Every structure is written in structure tokens, then in C-alpha cells.
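This document starts with two versions of one protein chain, written out as C-alpha cells and named structure 1 and structure 2.
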Structure 1
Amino acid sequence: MAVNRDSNAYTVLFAAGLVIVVGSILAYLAFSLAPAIAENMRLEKQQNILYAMGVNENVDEGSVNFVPTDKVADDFKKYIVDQLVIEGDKITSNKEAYLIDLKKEMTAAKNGAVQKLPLFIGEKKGKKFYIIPMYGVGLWDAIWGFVSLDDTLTVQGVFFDHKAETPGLGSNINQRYFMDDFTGETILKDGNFVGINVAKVNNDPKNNIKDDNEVDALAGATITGDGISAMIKKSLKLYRPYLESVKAKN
């Protein structure tokens, strides 16, 4: 019996079969690649945390070079001496605190749960670093990063990234010339926690002044810069009780 390839029934059956075949292939690929994807995400988080505390392979003023994936697990164990999880008044050590999903924790907190806040303590050349993860919203979608503080709550480094900021504008939050400006800035003003503002109108474009709680904004990326400012301030507010205990010791 000949098949009428011009009939509506044939078209519907062919399309349905194609959807089933393609869907099955995609489901198989997603399942089989899931472990590799999870591993890549784990290594990337470790790279970003280390980058914020100055453990990287930068060789010039413009490059952003992370610790290679074949070395990052060892370096993470070497430089990150403790991982803490803050839940209200309770602070516990957890060797996998870096795997905590901030977005999920923020959603849980909105629904009344106690938010789990990961915090990483690093040591390098006898100096202690407190690395705080951050999550916020830019112009188009999510932005995130890490800020590293010393005992005086002075920034020792940052790392920022984004999901969908404008190419050549807001997307440049992960470039050296922007991130390096934060190093040396204090998050305090007259003893109060104020964060760091990404300022469009800034009288210090070379960022030589380190006690003004400001860095120069990216050209054409005002909303993304505002998102960075809000993200830092919101994150510091969450971690303020712990940071105050650090400040009190110094």
C-alpha cells in the first residue's frame, strides 16, 4: 500500500516521530553529560573563589587567567583553609559550602526559610582572606561574583560575571580594568558598613582614592553598575554580623 506523503495525517505522524526521536536524543545527551557539566561548574566556582583572593595566573595588566582546571582542586585545598555556612546565629564548617546555590537560598529565604550563607576563609603568605559570594541582577539578567576582604575589611580582590549583559558594555564587569579598581577599597565609612558604589559621576577615574567607597562606572553600563553596587551592599548586609566580629578583633 502506497503512503500518501502529501496527506495531513502523514505530515502529523512524521512531525510527531521526529519530535520523539530528537527529544530522546537530547534527553540522553543531557543525562549522559550531567556529571561532566556538574564537574565543570564545581571547578569554575573554585577558580572564581581563588581569583577573588588573588590566586590566579595573570601575567599582564589585561588578562584574566584562572588557575587551570587540572590544578584548581589542589590549590583550592591549599589556599581555602575553612568553608563556613552561616544560618542565623549558627555557624558551621562544611567542606562543600562552595556548592551552595545562592539563588535557591534567596528564594527559600523569601518563603520564610533560614538562608544558608557560605563564606570562605583563605590564607596566602600568612595573610587571611574572607571571601563572600554575591548574587544580584544587572540590566538583562543575573550577575554574580565574589569579594575578598582582609582583617580590616579592605577589599583584596573581586570577581564578577554575568548571564546576559550587553556585549562590550555591561558584559565588561568581568574584565581586569574594572575588577582591579575594587582592590584596596574599604567597605566602611566612618566605621559604618556602606559597601562600594559604582559611580557614573566620579572625580577619581584612575581610582587613586581608596577611602571614598567608589569605583568608576563602565561607560554605557549604568544599570549594570547599579546592579553591582546593590549586589555588594545587599551581600554585606547579610554577612554583617560575621564581618562585625572580624572587625572587632582588629
Structure 2
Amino acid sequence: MAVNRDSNAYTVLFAAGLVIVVGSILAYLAFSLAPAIAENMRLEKQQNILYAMGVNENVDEGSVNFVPTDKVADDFKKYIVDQLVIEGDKITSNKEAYLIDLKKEMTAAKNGAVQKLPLFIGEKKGKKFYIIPMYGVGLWDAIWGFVSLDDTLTVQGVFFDHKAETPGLGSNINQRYFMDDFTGETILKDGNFVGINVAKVNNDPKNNIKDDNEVDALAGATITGDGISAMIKKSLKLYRPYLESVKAKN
């Protein structure tokens, strides 16, 4: 190489060239892949919502099996009978409510706007499910999930997922042995809303007691577990007026 690689001119030129090359590769990639990625995420959201209300292909105890992606759109239409958007004291029905970005809404709410709260009503074998989306923060990054409640505000199923929790510890919140524990728990205590606590000190590791508002925590994942407890509490709080009217009706 005859060029003086230490000269300022070369350095600047090289930096500019690198920025252009890398920038255009990434921009092209983002632009061309965005529709496919968005479609994947849309289907995943439908799968997650259905999973929370117990529509899934779980066979044994071990693994999480969603409705396959080619069937999920039909199943979603079949089982989710209504999608609501709660906006202050207005409730509207909206077929695209499940696409609402919770994080964006929370930021908007912080800036004084009225938060749009999506809520999905599912029906399976004549039984009604109220499915609430949740969003929170774990140890490293975002965590989110869905919880489905019946008329008596008993949990019928949950789904949790995370962006980047520690593999092998916090990342296990999306495993069956953690999520299944929530089923049957109630979010009420003596008629008050308390949510569900992910408890470290728990005398009930097999989770036989269902009315203690507690599930057994994952060992080694304290902060992720606390994040889940806080997420459930925070999200259910937003929906409390609606849930109270559900409870009052029955």
C-alpha cells in the first residue's frame, strides 16, 4: 500500500467510506426486511395472546408449543371474539388493538396523553377470557407478557417473554414450569387488588395453595422476578376500573 495510512486525509476518507458502506448495508437491510420482520412479530403476538388463554399445542409437561404460524390467523379470529381499546372513559372495539405498542403508549402517558389500553376478549367452550397485555423491565432489558382472567378474576393462563434476560436464569420466565404456576391464582385478596407476587420466600414450592397471591420464584433470578411482580401490578392497576365492572357483573 503506497498510501500513507496515518495521514489525516486518509483517515477521514476511510471513516467516511466506512460510514457510507455500513450505513447503506444496514439501511437497505432494515428497509427490505422490515415487512417480513413485522409480519413475524404480528403472528407471534397472536400466538402469545392465544397461548395465554390456553389455546396452544402443548403436549407434555416440558415445552411451550404455540399454535403453528400458518393456523394462527384463523384461530385468532375464531377464539378472540372482541378486541377493545380503553381510552380514558371511552371503550371502542378495534380489530387491530393487538398491534398497539404498549411501550409507546406508556411513554405517551408519561407526557400527559391518555393511554390507550388494549384488551382482548376470548371465548373457548362457552367460557369468557379477559386477556390483558403487560410490559415491564427485568434485569437487563424489557419483559412483557399476557395474562388471561376469567369472570371471577382468577388467572387462566399467562405468557411471559423477554428481550435479553440472563440465559439459564431470568430467561426461564418463558418456560412452562414458571408460567404454569400462575394458572389458578387469583389477583384479589379479601376483595382488594393485590396482583400476583413472585415470591422468593415461599413455603409452597409445589404451588398447591392458589389463593395466596404468590408463585414460587426462579432461583437466581431475583431482579427478573421482581420485574414480573411489578409488571403484573402496574398493568392490572391500569385496567382496574374495567376489571371491577367485570367482577361486579358476576
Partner chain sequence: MLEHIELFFKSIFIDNMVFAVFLGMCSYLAVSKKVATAVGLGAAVIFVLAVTVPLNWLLDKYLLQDGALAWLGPEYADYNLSFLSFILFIATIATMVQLVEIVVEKFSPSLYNSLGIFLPLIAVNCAILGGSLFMQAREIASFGLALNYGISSGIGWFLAILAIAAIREKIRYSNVPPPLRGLGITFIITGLMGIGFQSFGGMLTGGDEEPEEVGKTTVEKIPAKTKTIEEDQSTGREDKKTEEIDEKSVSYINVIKE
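In this text, rigid core is short for the largest set of C-alphas that superpose within 1.5 Å between two forms. Numbers given to residues start at 1 and step along the sequence of structure 1. All values reported here derive from a predicted model rather than from experimental measurement.
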### Query
Which of the two shown corresponds to the form predicted together with its partner chain?
2
### Query
Can a Cα shift of no less than 2 Å be assigned to P241 between structure 1 and structure 2, given superposition on the rigid core?
no
### Task
State the core-superposed CA shift for V19 between structure 1 and structure 2, in Å to one decimal.
4.3
